[in-house]
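Only one chain is shown below, in structure tokens, and it's the form predicted on its own.
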């Protein structure tokens, strides 16, 4: 790290930030007593900031030896120092080169992990490529873009461990992808540029859950939102939800701000960049390498955070209350893999419904929101056939 992890002021600041986040994470706080990871080694590949630090500490409190690695651009030095002081191994430096990031990931894999919680499936795929699966029981993957290649590997018979699709839990994608990433990416772009969205043209490429969130928050701040899509049902949904839908190349000349929210490489090509007018800004919300094609950027056009996911690489990530849900799902997924992973086939699996629902119910309880209970007559109706 750029700063010495033994620096007491750095460590103290990190601990304060972690404690601040913890105050707004009631679900993660509630489930720690349900986890039993005694004697297990868990690897975390997540953006290293106060919210994810609380997941690391939760897994530690459940008995695990926890190792964290993270790309340099997503590593907060003070949080890393705080975690080290709390007994969590951190293999990350904010000044690391891509080659050193890779070396850190390889080093973590050689530590004899039982379970891996990944972000973008970068390390799961590295473990397969380098034949470092060892005694790995399974992995949990938290992103749409990370699950896509794992499902391709499974279809080809190349996936050699079970993977829990954390991203596909309703407690995750309905809130993290829409409200968390939507809000944080829009706000990060505005903070970095000083732009006002009211009256601006905001083009959102991709209308999956992330794109829906970006479009919603941009429109709420007064932007005229144009959605672009390759998938007909997503395009039709955007139209019915009140957005203008056009091809990306056609929309670029009018754009003040372009978000790529596809999670697919080469979404914004050099041709698209050349079609933008001077002063236009491009940001990535999808989060895979080369989502905006590398190369010379036309004069007057700005690509934020060097084309990395703008809310993670250049801001504080998603709101705490949203990440409380996602990280609780991650913790329950790790615990489930420890308990049941040895019986699961090498494939991408959904999180058990009862675990997903438990997260939602715990969040409702923390918010003081009650639910109706179906009556006996309603249950009878629901169970009736012909």
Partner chain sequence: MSDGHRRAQAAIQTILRLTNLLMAGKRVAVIGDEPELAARLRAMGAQTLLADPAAALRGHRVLAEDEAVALADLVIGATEAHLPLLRDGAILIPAVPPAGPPEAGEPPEAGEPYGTDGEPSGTGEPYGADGEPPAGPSGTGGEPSGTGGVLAGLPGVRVRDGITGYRLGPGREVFVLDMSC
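It should be emphasised that the depicted structure is a prediction, and the values quoted were computed from it without experimental measurement. Residue numbers count along the first chain shown, from 1.
The next section is about a form of this same protein that is not shown, the form predicted together with its partner chain.
- The candidate spot formed by 220, 317 and 320 lies fully in contact with its partner chain in the predicted bound form, as each residue has a heavy atom within 4.5 Å of it.
- Screening 294, 198, 152, 249 for any heavy atom within 4.5 Å of its partner chain in the predicted bound form leaves a single hit, 198.
- Stretch-level contact analysis of 38-46, 64-72, 335-343, 23-31 against its partner chain in the predicted bound form, using heavy atoms and a 4.5 Å limit, identifies 23-31.
- In the predicted bound form, residue 365 stays away from its partner chain, with no heavy atom inside 4.5 Å.
- Although the partner is absent from this view, residue 179 contacts its partner chain in the predicted bound form, with a non-hydrogen atom inside 4.5 angstroms.
- In the predicted bound form, its partner chain sits beyond 4.5 Å of every heavy atom of residue 133.
- Contact check for residue 89: every heavy atom lies farther than 4.5 Å from its partner chain in the predicted bound form.
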